[in-house]
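The chain that follows stands alone, in the form predicted alone, written as structure tokens.
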Amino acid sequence: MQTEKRSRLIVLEIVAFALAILILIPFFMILVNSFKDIRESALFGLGLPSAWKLSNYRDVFEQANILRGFKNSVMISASVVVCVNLFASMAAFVIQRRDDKFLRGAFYMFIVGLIVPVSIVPTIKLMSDLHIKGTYFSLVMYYTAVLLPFAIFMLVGFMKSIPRELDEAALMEGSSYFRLYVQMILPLLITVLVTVTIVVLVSVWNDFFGPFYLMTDSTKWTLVLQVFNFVTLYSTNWGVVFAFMVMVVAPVLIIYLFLQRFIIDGLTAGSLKG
């Protein structure tokens, strides 16, 4: 029995290793091709470059408005993280603690938002009617609305594990509901809020279609959209494009690698306790 269990575990580990390799192949392809010249990089091969060209990274800085794109990405991502964490934690607090029919319906509506895809045309029309289309504010609100259901789902699930006796004791001591939320509930949500922060940050930073459809002014483009500066119809230096992609992915990848333990802990806490 033990031998059979061990054999099954080894097979699962081999499958997991193979899947990990499949996921890493595109990253490896981008990395090695970022050091190749225009001819070699156009082949999209997985082999090492015949001559390492660091000049691709220099060209990115010389040709692209990379600092402006970086500033836009940081500003939009940070704003969305703050909005999602703030609104989701307040909504989860009210939904989970009051637990009446209306708020249960509101919670299920948020859950529907996890499944139903975003319709971009009505979104553009709504932003035009509100006269906010093409602004940073519109993009922040768009991402907040899209990512709020996931955050509320996680936080409501986790809050079920926080005993209500804690609330009752605080209220009997004269605490207001707002103080209860800020000083007692919010610190207990830190694990899940860190997870939400990382997921939101990665989603917003790497998204292409949101700013592509909603930002008409190229000076407000995020870092991902700046890749258009290097792609043309007839001649594209893919070595420079890949170098740019490495620079786009690197900040989020580093953050993810350092904080991946918190993601797993937060997802487990938010999903299993729900």
Partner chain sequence: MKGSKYPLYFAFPALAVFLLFFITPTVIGFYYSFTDWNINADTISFNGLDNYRALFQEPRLLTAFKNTLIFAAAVTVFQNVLGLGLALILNEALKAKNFLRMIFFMPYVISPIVIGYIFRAIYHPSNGIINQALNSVGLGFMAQDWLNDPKFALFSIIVTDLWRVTGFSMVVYLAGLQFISKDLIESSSMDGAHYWQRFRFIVFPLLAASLTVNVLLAMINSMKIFEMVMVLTDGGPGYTTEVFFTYIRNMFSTGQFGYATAVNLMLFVLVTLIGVPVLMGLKKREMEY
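Numbering follows the first chain given and starts at 1. Throughout, rigid core stands for the largest set of C-alpha atoms superposing within 1.5 Å between the two forms. What you see is a predicted model, and the numbers here were worked out from it, not measured in a lab.
Absent from the display: the form predicted in complex with its partner chain. The rest refers to it.
For the three marked residues, 38, 48 and 82, no heavy atom of any sits within 4.5 Å of its partner chain in the model of the complex. Among heavy atoms of residue 207, some come within 4.5 Å of its partner chain in the model of the complex. Using a 4.5 Å cutoff between non-hydrogen atoms, residue 116 counts as a contact of its partner chain in the model of the complex. At a distance threshold of 4.5 angstroms between non-hydrogen atoms, residue 136 is out of contact with its partner chain in the model of the complex. Its partner chain is not shown here, and in the model of the complex it never comes within 4.5 Å of any heavy atom of residue 60. In the model of the complex, 20, 22, 23, 24, 25, 26, 27, 29, 30 are the residues of 20-34 with at least one heavy atom within 4.5 Å of its partner chain, listed from first to last. The Cα position of residue 222 differs by less than 2 Å between this form and the one not shown after fitting on the rigid core. A movement of the C-alpha atom of residue 44 reaching 2 angstroms or beyond is seen between this form and the one not shown when the two forms are aligned on their rigid core. Annotation: Cα of residue 28 displaced by at least 2 Å between this form and the one not shown, core superposition.
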